[in-house]
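Okay, so we've got a single protein chain in two different forms coming up as structure tokens, structure 1 first and structure 2 after it.
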Structure 1
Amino acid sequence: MSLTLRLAFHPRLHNVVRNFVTSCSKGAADTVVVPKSSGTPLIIEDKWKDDTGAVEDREAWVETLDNSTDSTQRGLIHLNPRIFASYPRLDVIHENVVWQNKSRMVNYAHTKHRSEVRGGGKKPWPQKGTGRSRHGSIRSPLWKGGGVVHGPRAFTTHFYMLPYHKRVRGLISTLSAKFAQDDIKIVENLDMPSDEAGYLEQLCEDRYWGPSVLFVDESDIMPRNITLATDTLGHMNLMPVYGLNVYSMLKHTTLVLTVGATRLVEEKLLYNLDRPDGRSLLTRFRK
């Protein structure tokens, strides 16, 4: 955890920022809407229906992709501990990775059955009288050059469906593990002042985001500048929130979420943790 993030959790500094924001936004709603350009510190917090107060909310800096400002940190955001502070199940994460890898595997190895091998239409010798064993075709699997029994067939997939609760738990475990390692960054939005790839590379280098970064937004229509900047960068990718998966989060060093994407991820995962029809999803998936 960086030094600036440790300072954010200092109780005295936390109370000063909270009192400042409360005095500025007195009478506002519980949920604070993120402005397009905020020049004052802000605290983005939300009230979850299942919030029992047993586990404290996690906090993270809300940053901006504009390096021209004096401070790139806009404020703090409160994160649901059930999503970002759950116990990471490494076995479930591994099952998700194996499932995603096998889902796109196609077997191209091919062997022929006895009916597909050329020749062998005539009975090699009479059934009786020769003293030899009985055979009806020289393309039987018993013969050299004959067909293959139970051999691999082309264009067979390794697809199978992972149970629903394991897919949900895999996303939560991966998000919790990435957040514990300080590999999740929250940004106000994906707006950048430049569309050059060098600007984005320098920004990630200055903030120690690692060699590979995954930017996630709530919509699949990304801002123009960051789309052009990542077009020639193979190690920096854009993804809408509905495509977020375990394999992509593990493949990239840093996960950058917008505020809107963060709230949408929390909303969807919290619903699927306690959805009323969860038992019906445990039935066997049929292709």
Structure 2
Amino acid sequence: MSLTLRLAFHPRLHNVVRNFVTSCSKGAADTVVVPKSSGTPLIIEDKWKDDTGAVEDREAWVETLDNSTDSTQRGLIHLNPRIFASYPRLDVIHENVVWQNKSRMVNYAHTKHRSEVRGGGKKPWPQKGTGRSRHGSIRSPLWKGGGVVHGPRAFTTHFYMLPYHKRVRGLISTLSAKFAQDDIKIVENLDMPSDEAGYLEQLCEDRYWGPSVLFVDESDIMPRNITLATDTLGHMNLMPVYGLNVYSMLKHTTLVLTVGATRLVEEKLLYNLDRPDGRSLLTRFRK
């Protein structure tokens, strides 16, 4: 890690423990390769650690999008198991996906009922004496070309609100499921040396990311190079933390979070798991 880069991203990281030598290798058989970078390796500790959970703390490599250095791994990050190793409720994930799809769906199908179809005001033939069946209008639903009973009426929205805690649960389940399947990657930031799409595509291919990749950063102002590189790529997208949602996470094969975004996601979701006014959110949403 070059000196300038280290200085650039050092103040943004919390609880950085340096001089990391022990606890890196566990036994002789499976030694963990320590990333060989010019700077000291770093461990980013869990900020909201609690020892109550039976699930072990999760760890992930902190990588970099800079391919020019000798090692792409910068260190290790501890992830909160309540967010990244909680029970993967696939049914709740499904409910979230259905909700996201339906809430933006508007049905434009439209049919006319008997009063809206043109004509049909006059009684087609007298009630009695013709020998024909009784009819009052040629636009009755019984007639060909008549109105439609209980047909679809535009514009029907399918909008509804999923209960608040299910939405929180859906995000946590998706993050946990994706992390368990090695589809979440942590990077220190989204800085790249090149602004070409080919560079990013090659980088993702080398690391077995993708084919579709979602990059998530803290804020919605992204670094210039990655913005230009992903501009022409439909399958690599950028998203701020406030836009993170279940559908987009599943739509993309790999989710790439920056360290800042990871901590922000953890903070927001942990707050929602334990928020004191959780009861007030149970009230039904009204349009």
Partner chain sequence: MASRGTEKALSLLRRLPRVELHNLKPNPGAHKNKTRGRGIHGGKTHGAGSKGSGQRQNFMRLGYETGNNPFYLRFPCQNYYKGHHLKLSYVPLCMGQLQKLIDTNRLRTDIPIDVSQLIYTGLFNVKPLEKEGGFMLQDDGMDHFCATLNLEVQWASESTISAVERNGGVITTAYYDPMSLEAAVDPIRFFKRGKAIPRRMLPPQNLIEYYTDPKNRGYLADPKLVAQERFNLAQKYGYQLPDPRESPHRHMLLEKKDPRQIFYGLEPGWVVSLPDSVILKPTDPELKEHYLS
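All values reported here derive from a predicted model rather than from experimental measurement. Under this definition, the rigid core comprises the largest set of C-alpha atoms superposing within 1.5 Å between the forms. For residue numbers, the reference is structure 1: its sequence is counted from 1.
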Form selected (criterion: the form predicted on its own): 1
Estimated from C-alpha overlays, the smaller rigid part's rotation between structures 1 and 2 in whole degrees: 16
Rigid-core-superposed Cα shift at Ser115 between structures 1 and 2, Å: 4.2
